[in-house]
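Starting off, we have a lone chain in the form predicted alone, written out as structure tokens.
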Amino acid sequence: MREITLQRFTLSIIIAAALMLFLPVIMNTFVLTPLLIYGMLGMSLGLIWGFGGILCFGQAAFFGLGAYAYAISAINIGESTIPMLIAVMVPAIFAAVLGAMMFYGRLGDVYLGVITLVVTLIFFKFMNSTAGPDYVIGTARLGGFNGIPGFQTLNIPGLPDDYIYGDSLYYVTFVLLVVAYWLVNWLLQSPFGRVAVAIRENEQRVSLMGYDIRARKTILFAIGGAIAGLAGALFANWAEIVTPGLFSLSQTAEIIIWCIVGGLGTRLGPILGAAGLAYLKFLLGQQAFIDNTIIMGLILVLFVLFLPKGLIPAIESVWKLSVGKRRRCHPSRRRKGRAITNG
């Protein structure tokens, strides 16, 4: 079993390295980098919702919180290593506190969705109202709807003047996405991950087996918040500005659409759904004839009606069906070949 896992890990690393080197040949790294960041953001919700069964409308809140935490700490510290850690820790701690209040409060799924949505909208409204000079954290002004520009971007640890941008930022983002993916994969294959999936399937039965459901949900929620915060920090380094739009309702809705289209309950589905739809949005943004929101809404309706499980499960079903047909056809071909040989 370990040999099979090691082989899969090695094969996936080879494929990831090949993709990392091949994608810049067909597309600009300035466009590829946000696609990878959105893929990481989609994976964070895919972990919470697809495997934990927690419908969260607050991934945009964790995403924006990570971006703002990085920008504010980078301005005050002047170097990117510690701000990157802060950008991961702040959303993780906030998600842990929020999750503990919701899960230990025994709130239903509907209330969980409402509360996380309200928290996101509160961040959006608050950040838009911080335009005055009184809204300062250290030496960093929040800037209101104008956001925070001009902060220290990603640099080599210990060398604040050696910036990581352009192609280098793309490679760093790709590596971090692969690392995050394999950490999520390891988590889901661990006893903790298997219990989390069991909670999604039958919460009452798992509770009767003696597991603390609320604590495990809180931990899973915090991990999802940490991944979203890392994505937010990377986005801040790519855009070189953070604005309240990161907390917007449209951003929240898009993350959910990414997961539905890619396929809930799969590891690659939310990543591919996020990257694919984000690239489609980029292409649609180059024209003014059709509104982006109409296309996104139409895609969501079509997938809910015709591919409710998402793209990756549909591809897997077609692949299994084709493999099954080939296996059924092979014995007859062999018999025909033997008959011809005997004749």
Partner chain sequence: MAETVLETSGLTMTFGGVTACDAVDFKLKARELRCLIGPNGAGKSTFFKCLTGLLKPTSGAVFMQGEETTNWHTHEISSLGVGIKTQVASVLDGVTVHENIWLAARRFFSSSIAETKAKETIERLYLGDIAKSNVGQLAHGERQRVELGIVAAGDPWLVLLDEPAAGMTSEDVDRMTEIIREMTTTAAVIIVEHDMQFIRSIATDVTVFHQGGILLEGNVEQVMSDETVRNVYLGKKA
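Residue numbers count along the first chain shown, from 1. Please read these numbers as outputs of a predicted model, since none were measured by experiment.
We do not show the form predicted in complex with its partner chain, though everything after this point is about it.
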Test of understanding: in the model of the complex, would residue 93 fall inside 4.5 Å of its partner chain by heavy atoms?
no
Is there any non-hydrogen atom of residue 165 lying within 4.5 Å of its partner chain in the model of the complex?
no
So, in the model of the complex, is residue 134 in contact with its partner chain at a 4.5 angstroms heavy atom limit?
no
Look up in the model of the complex whether residue 124 has a non-hydrogen atom within 4.5 angstroms of its partner chain, and give yes or no.
no
Using a 4.5 Å heavy atom cut-off, indicate which stretch of 265-273, 219-227, 80-88, 192-200 touches its partner chain in the model of the complex.
192-200
Here the chain is shown alone; which of 151, 181, 211, 174 has a heavy atom within 4.5 Å of its partner chain in the model of the complex?
211
Sole residue of 140, 112, 206, 100 within 4.5 Å of its partner chain in the model of the complex, by heavy atom:
206
Residues within stretch 86-120 having a non-hydrogen atom within 4.5 Å of its partner chain in the model of the complex
106
